[in-house]
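There is one chain below, alone, in structure tokens, taken in the form predicted on its own.
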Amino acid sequence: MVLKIFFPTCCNTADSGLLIGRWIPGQDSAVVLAVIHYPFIPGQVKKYLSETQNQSQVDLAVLGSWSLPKDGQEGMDSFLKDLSTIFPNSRWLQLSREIGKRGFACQVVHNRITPPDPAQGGTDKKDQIIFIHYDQRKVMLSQLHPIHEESPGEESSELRAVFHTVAQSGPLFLLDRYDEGPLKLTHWQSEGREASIVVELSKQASVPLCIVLTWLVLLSFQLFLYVVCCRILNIWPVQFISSKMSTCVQTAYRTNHFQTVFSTKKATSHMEFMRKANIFVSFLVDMSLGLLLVSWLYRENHISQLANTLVPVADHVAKELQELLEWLMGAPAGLKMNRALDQVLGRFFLYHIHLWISYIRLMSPFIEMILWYVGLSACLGLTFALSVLSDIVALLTFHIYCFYVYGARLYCLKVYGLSSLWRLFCGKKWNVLRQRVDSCSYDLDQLFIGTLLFTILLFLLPTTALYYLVFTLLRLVVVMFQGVIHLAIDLINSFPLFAMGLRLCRSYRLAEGVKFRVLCEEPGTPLHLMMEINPLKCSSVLQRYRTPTYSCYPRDSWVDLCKKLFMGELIYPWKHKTTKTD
């Protein structure tokens, strides 16, 4: 039988004393957490273990004795061995180390008075011992992945139990931080007990201050939500428009983040803590980038330069569309179009372009002032500035969207009309109630009218399809530009900056597993292994800790998108895949 002893590297040179730790239930493994130095009183040791168990909820026990030879302590080994009667266990570990050797000598003493404990793997057979050294600080602060909630009857793995035991033993390491007390221990924080009192007092004073600031921020924030969201945004036209604007969507998203970060409720799990930390760091980075953008916009009169550039660009786009329509009204690419329908559609769209040019000329004196106030939105973060930019692009290209809707509706009407009339020739019809195609018999008059309508729609389809194709391509260009902006917003909102920073700077905090290397293999001593933490992969960090955003919901697939474009159905970027439409 192999007995595994997880031994902290900080205790390799500890003075002689007692080993404090825990036997892993159902495993032949023991986790050493600390060494209590001699001299000590057994009653004080039992009282100390009882107090620590109540705080940490870990079944701590005296595993055995630790001996490091020193002058004046020649009979220490026999004294520590006799303590096994005071601290009864099915196994008593006697660990000793000689100066100049890296390996430990270990002897397992089986207590005949106490019956073997199945949780400790008690047996009379000769044990083969393996020492597994671990960095107690790294194991204490690390989180072993994958993270899953264990059911009450489920047995955790041996490695997960070791990590859990060390992580839950925080009170053991913090109880005697500032005073020596009746007992002296060696663990990973033993050398750092003399901490700065000023720093600790500052930490203690910052707690009530942060609570007061949090309550003040939450009170003002709740008042703002009640006045703005509950009163103004519940009006139907405002509610409809706000649901389609990127700025309002980003405001609602940041509002939920604000409530999560400044909530007074303490995080109860690792994932909840990481989510709060990622949101907080993302919020700080967003604000910093937004302030940098504001400083650039209002320095050297960049607002006026943008205003002087924006109006000519919008005017140029409108004129290019006018030239495109004039080209379509002729013989585009040598194609023979329906002259009457071509002229009607061309003049209809040219009228809208003239209206749009008049609108731009009317708004041009106020563009600089509008941009000046819009630039202040970057103080709320770079994502707000990008959302405003997306809405500005949508407003400046509203005429393109109107052309796309007109062309798509006309094309969709002809496509569905042709498909319905084709079913008429086949002797079938669409059953609206049963949502299926049924057989049907038609009269001669119905077939004649259907043939006439089918011929008219078929010959008018190329002209309508050409306008639909041109305006759909223009609409897709605008949607792709807005998509790039939304990807940048989504990257800032969802990227786990805190988790990625831990992965790069403190890779042991996010552990994917462990690896072992041989530390010492001396004759006459057990095998010594060193347990090292394997950090979580960067791709796994992104996948696990990425913050869900409004763009993480399922969208239409490429096949569905192509089908909609072919059939002339409108493409709404803000609609989700599960949205039902008539």
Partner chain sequence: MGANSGPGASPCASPVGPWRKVLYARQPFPDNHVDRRFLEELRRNIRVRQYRYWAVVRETGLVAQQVSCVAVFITLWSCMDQGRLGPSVLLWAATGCALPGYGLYEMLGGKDRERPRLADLQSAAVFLAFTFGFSPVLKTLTESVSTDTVYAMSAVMLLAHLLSFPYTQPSPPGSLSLNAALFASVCLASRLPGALHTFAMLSWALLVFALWPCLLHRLRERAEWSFPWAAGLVCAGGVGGLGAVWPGGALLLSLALLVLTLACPLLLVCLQRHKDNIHGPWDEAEIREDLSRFLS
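It should be emphasised that the depicted structure is a prediction, and the values quoted were computed from it without experimental measurement. Residue numbers count along the first chain shown, from 1.
Beyond the structure shown, there is the form predicted together with the partner chain, which is absent from this document and is the topic of what follows.
Asker: Which of these stretches, 269-277, 348-356, 418-426, 387-395, has heavy atoms within 4.5 Å of the partner chain in the predicted complex?
Answerer: It is 418-426 that comes within 4.5 Å of the partner.
Asker: Of these, Y298, F454, W430, W327, which has a heavy atom no more than 4.5 Å from the partner chain in the predicted complex?
Answerer: The option sitting close enough to the partner is F454.
Asker: Quick check on this chain: which one of C412, L376, V437, I449 has a heavy atom within 4.5 Å of the partner chain in the predicted complex?
Answerer: The residue from C412, L376, V437, I449 that makes the contact is I449.
Asker: I'd like to know if F459 sits close to the partner chain in the predicted complex, meaning any non-hydrogen atom pair within 4.5 angstroms.
Answerer: Yes - in the predicted complex, heavy atoms of F459 and the partner chain come within 4.5 Å of each other.
Asker: Is there a heavy atom of L382 no more than 4.5 Å from a heavy atom of the partner chain in the predicted complex?
Answerer: Close contact is absent here: in the predicted complex, L382 is far from the partner chain, nothing within 4.5 Å, heavy atoms only.
Asker: Even though the partner chain is not shown here, does C106 get within 4.5 Å of it in the predicted complex, heavy atoms only?
Answerer: Contact check for C106: no, nothing within 4.5 Å of the partner chain in the predicted complex.
Asker: Report whether the minimum heavy atom distance between Q168 and the partner chain in the predicted complex is within 4.5 Å.
Answerer: Contact with the partner chain, no.
Asker: With the partner left out here, which residues of 312-344 have a non-hydrogen atom within 4.5 Å of the partner chain in the predicted complex?
Answerer: The stretch 312-344, when checked against the partner chain in the predicted complex, contributes K336, M337, N338, R339 at the 4.5 Å heavy-atom cut-off.
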